[in-house]
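In structure tokens, one chain follows: the form predicted alone.
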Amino acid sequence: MIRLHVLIFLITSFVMLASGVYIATKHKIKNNKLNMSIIQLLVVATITCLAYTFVISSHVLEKAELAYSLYFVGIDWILITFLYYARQYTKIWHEGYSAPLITVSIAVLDSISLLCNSKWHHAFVLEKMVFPNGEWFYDFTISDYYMVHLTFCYILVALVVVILAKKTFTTSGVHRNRYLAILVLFLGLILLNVLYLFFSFPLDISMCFYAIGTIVIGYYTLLYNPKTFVEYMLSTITERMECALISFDENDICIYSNQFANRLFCPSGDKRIFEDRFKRWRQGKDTNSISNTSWNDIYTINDEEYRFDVHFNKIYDKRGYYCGCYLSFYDVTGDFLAYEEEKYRNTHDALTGALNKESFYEEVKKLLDENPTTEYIMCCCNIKGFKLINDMFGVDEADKLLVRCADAIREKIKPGASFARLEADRFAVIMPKVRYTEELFMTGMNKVSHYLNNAQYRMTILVGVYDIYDRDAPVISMVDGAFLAIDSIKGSFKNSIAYYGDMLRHEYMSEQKILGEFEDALQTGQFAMFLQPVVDMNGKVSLAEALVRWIHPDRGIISPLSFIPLLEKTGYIYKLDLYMWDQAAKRVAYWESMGIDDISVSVNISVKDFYYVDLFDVFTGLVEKYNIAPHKLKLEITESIFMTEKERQLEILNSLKEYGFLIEIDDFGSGFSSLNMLKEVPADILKMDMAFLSIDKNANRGRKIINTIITLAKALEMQVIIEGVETKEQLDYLSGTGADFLQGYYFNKPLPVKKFEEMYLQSSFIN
């Protein structure tokens, strides 16, 4: 009998050990507390079972007594590990550390006490238990301390039962069985142990059921998933999916559709609607030949258009035979609208809704490429003096005006045409040539022009028309041509529409040629400094004005009027001015090195120079570089520099004057100069043009103006230069006006530097 039980207990130990090995190899142990708790339980139970096996097989008292101690200690740790397992499995009280620490501490003390039983026999004593067949083993009789050990064990049992019972009654129905099974198993093992302890069972038969318990715990913990739960989860997931799901069997019969699909496509619930739609899509196709695929489709639902990403997937059985398919519809309407909105923002002007410049250029190329037989024209327009509108009426009103312009264009153009707001008040339209009439644009312009008209201001819209004769030309060239036409009528109060013709085309090509050659000409020294003498009233030359000439290797000397205004307009003038200033400073330094220090040079400063370069740093750098006195470079400015940012320009001029430069006001009186300018500008020299005396019938009034201005300049301690002197009569008149210097063709035209030096510098001068 004992031998049979020994065999059974050994088999039980082997089953538990095998279960532990299986779980350890098939499931993740590291960082998984639940799996680790099962391994710990199996290890402790295996050791306990082996200890009890040794108890009933040993006939040596000391060994049997030690084995019993290990057995009772094992019971402690089986309950401790089971408690830990229950906490991890149910997630009840699994976060706290204080209670587990107390129970483990008590278990350690209890284990030490039990292991010391062989010395004090305070927990149990052994005596022989003899069976009728003569077999025997050592059984135990409890002592006083054993009840302490037993009480602690049943406290642990109570904790496990409470945890499992709480989880069993609070979890969902589909999960209740897994917790209930573990609870029943645990109670069964405890009941068998109670029978062994209190009902005179000779052997602890509960140990025989530990293998069964091991299998049950491993199964319900790691493998058990109720079929009803899986079906419920799958059903719930498909019903709550944010997509329409429709499935068909091998005969194209609809066998399932979720709520989303029913709500979108079949509110009536008649699944034949799905079948008819699917058959229409599959018409002419063999189901087995259709691969899994996806596409984008548009459906109208409740009079609203929706976009869906549709996915078609086939299902095969285990043997590879087709058994059905399903369609999933993902509503991407919101994503599509967001994409379209973002695309619109990237391609359209936010204020007017017109195309932006980049998108318009692409649209023009597309129209020209897709319609090779259609002739097109480019019409561009802008508002004359738009900046003034901003200043007079405010930005909000100016923006409303731009919106009205865009709306007026939008009303006039038809499909096959396109328009854009290029920037600020500049609009562009491309349209078939056959549709264009001046009346079409005049009507729209007049309608918009009256928006801001009042007693103080009359608005004018200018239109430039460019006939697209070269379809392969860059779109920007077409736009530039139309605006070039506008530039030709900006000063006119009669015309509001201009055409880019042969003359403008020639002018435009000439300008492009000049701009294309400018950089190379500057680098290769084609620009030369000429000097025009400025004489005092005694005829002595003490000042020269530096003027530029372009000496082209093929075209000879190019007139400044051909390139200076263009460089001013494009902003390149600052590069030429930097070059000229350096040449002037270098020449003054050269003269001083030759002992001539009684002549200075005046250089011109463009309004663009104030924005493209740091004038103070440049001029102070030049005088330091060439070691010349600042007053040897006289800086000529015109009244136009004060049209914008007057305070900034005055600050720069004051800094230059404080450093020692002399400031000249050029062309005073030829534009819109005011007496206030003389008060604010820190000028040292005033230059006036003899244009006051150019018209005979106004000559007398001109003389009076010249006399008055000279008198005023003298009162302000300013020197006066009269330029444009061309006749002996003008010289005779000016001799008595009090002017300080004279300049003009009467004395000499602008001369090459060496020619100037030969004529006006000392005879001892050596080139």
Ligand code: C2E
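Don't overthink the numbering: it's just position in the shown sequence, from 1. None of these values were measured; they are calculated from a predicted model.
Not pictured, yet referred to below: the form predicted in complex with this ligand.
Although the partner is absent from this view, residue 635 stays clear of this ligand in the predicted bound form, with no non-hydrogen atom inside 4.5 angstroms. When contacts are judged by a 4.5 Å heavy atom cut-off, residue 726 counts as touching this ligand in the predicted bound form.
Taking the partner from the other structure, this ligand in the predicted bound form has no heavy atom within 4.5 Å of any heavy atom of residue 460.
In the predicted bound form, none of the heavy atoms of residue 662 sits within 4.5 Å of a heavy atom of this ligand. Though this ligand is absent from this view, in the predicted bound form it lies within 4.5 Å of a heavy atom of just one residue from 604, 418, 81, 347, which is 604. Proximity to this ligand in the predicted bound form, defined as a heavy atom within 4.5 Å, singles out one entry of 447, 122, 471, 549, which is 549.
The putative spot formed by 532, 580 and 666 is fully lined by this ligand in the predicted bound form; each residue has a non-hydrogen atom within 4.5 angstroms of it.
Judged by heavy atoms within 4.5 Å of this ligand in the predicted bound form, the contact stretch among the candidates 704-712, 58-66, 738-746, 40-48 is 738-746.
Contacts with this ligand in the predicted bound form, taken as any heavy atom within 4.5 Å, map within 553-573 to 559, 560, 561, 564, 573.
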